[in-house]
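One chain comes next, on its own, written as structure tokens: the form predicted on its own.
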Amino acid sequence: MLGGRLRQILTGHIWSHCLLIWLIGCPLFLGKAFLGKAAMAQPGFVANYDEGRVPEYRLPAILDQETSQADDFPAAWKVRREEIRHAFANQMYGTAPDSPYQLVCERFESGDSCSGKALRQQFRVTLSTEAGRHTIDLLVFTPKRANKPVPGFLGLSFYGNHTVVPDEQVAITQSWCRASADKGVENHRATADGRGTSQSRWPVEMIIETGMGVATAYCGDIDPDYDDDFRNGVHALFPDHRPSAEQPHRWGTIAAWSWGLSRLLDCLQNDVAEFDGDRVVVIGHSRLGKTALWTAANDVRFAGAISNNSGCGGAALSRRAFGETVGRINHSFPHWFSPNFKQYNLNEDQLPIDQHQLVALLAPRPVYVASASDDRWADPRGEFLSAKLGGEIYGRWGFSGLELDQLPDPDRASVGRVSYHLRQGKHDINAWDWQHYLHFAQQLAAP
């Protein structure tokens, strides 16, 4: 009897001691990365900015053996490319609907801008389905001196077309806006106080002076940037395609923005004579940089893509779990991706894809990935690695990949078919970035 009781006490003591050791020592046993991942489960976690705590990882291959050894590589890549794109759609961004819709693009205003250097045009893009109608305002600038359609950029803004330039003729968005006194937003509605407040991110006159055009729309005109259970914006046009527990692979907000950009390209190609719709580079910063990459991956009509400080869910490798992570982004912005993506919270190594493959999906079109030195949240090294590894496939078309062997010093740019730069400074897009983007886009100068 005593022996049994003693064994029970000792056993309990040993198990308690073992539990204590496990709680204290398990992170060390499993590796330094565990600390960063465990912290991600908490909304206020401290992000990992220590390269020594990046977990060991193995990236999924861009090419399988059959594709790599195929006699007709372009044909084989077309099949492999669709496999990868399908995996991104189903497991991460979400699938867009294939239901019919009608699109009407009508110009409602035009005039001189940029001290007479540019033609400004404003279009109302109306999308209609059996479920209703939705409108997006498209703002287009082209050089007045051009005697033929010009190549250019298409991207989304964060607070409305009126914030891009101080031009009083530009319509103020009527859509919901994120709270921002600096952008003139009151009660989630834009006001005239926001005019030109984002012009540092949109150097329209500098773009025009290079002979290129630029077109933009407000992302919230396409789909509002908040968790609305996918009931507003273009999601409302396709109520039968809403994500759900039964259909977790359907589109999130980034996929909706992407789909909207393709509809704006429809307008540029069919209704804007001054813009060469076959030579359009899609560009985006931050969450809209994620959108730019996914847009070009889906729509091969885009001549190239520029991803500025796009981070997790954009250019940065998910498996590095550095800065913002899959778990954190899904906690903070549950509407951006498909519900399927949440199964990879704290579980990045189980992703069937990673972001270097997203870069590869653009091949052989030009692609530019850019980072900022102080933007560790977006993981500049992870963005660089995606450009470097994803760019290796460009050699199969006779193009050079990224001509950098390691993450460069700040304020150095490598511009080519696959481009990358690390700008000195914070999470932003400015004139220094655009100078290099304009250089990059010269690849499209000749028709």
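Throughout, we count residues from 1 along the sequence that is shown. A quick note: this is a predicted structure, and the numbers were derived from the prediction, not measured.
Keep in mind the form predicted in complex with a small molecule is missing from the figure; the text below concerns it.
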item	value
Listed residue that, although the small molecule is not shown, lies within 4.5 Å of it in the predicted complex (heavy atoms), from W176, F73, F333, Y101	F333
Of S128, S286, T197, N90, the one that lies within 4.5 Å of the small molecule in the predicted complex (heavy atoms)	S286
4.5 Å heavy atom contact, D137 to the small molecule in the predicted complex	no
Exercise: A303 in contact with the small molecule in the predicted complex, heavy atom 4.5 Å	no
4.5 angstroms heavy atom contact with the small molecule in the predicted complex for H235	no
Contact flag, H162 vs the small molecule in the predicted complex, heavy atom cut 4.5 Å	no
Triple contact flag R279, R365 and Y437 to the small molecule in the predicted complex, non-hydrogen atom at 4.5 angstroms	no
Region of this chain that lies against the small molecule in the predicted complex, out of 112-120, 325-333, 79-87, 347-355 [heavy atom, 4.5 Å]	325-333
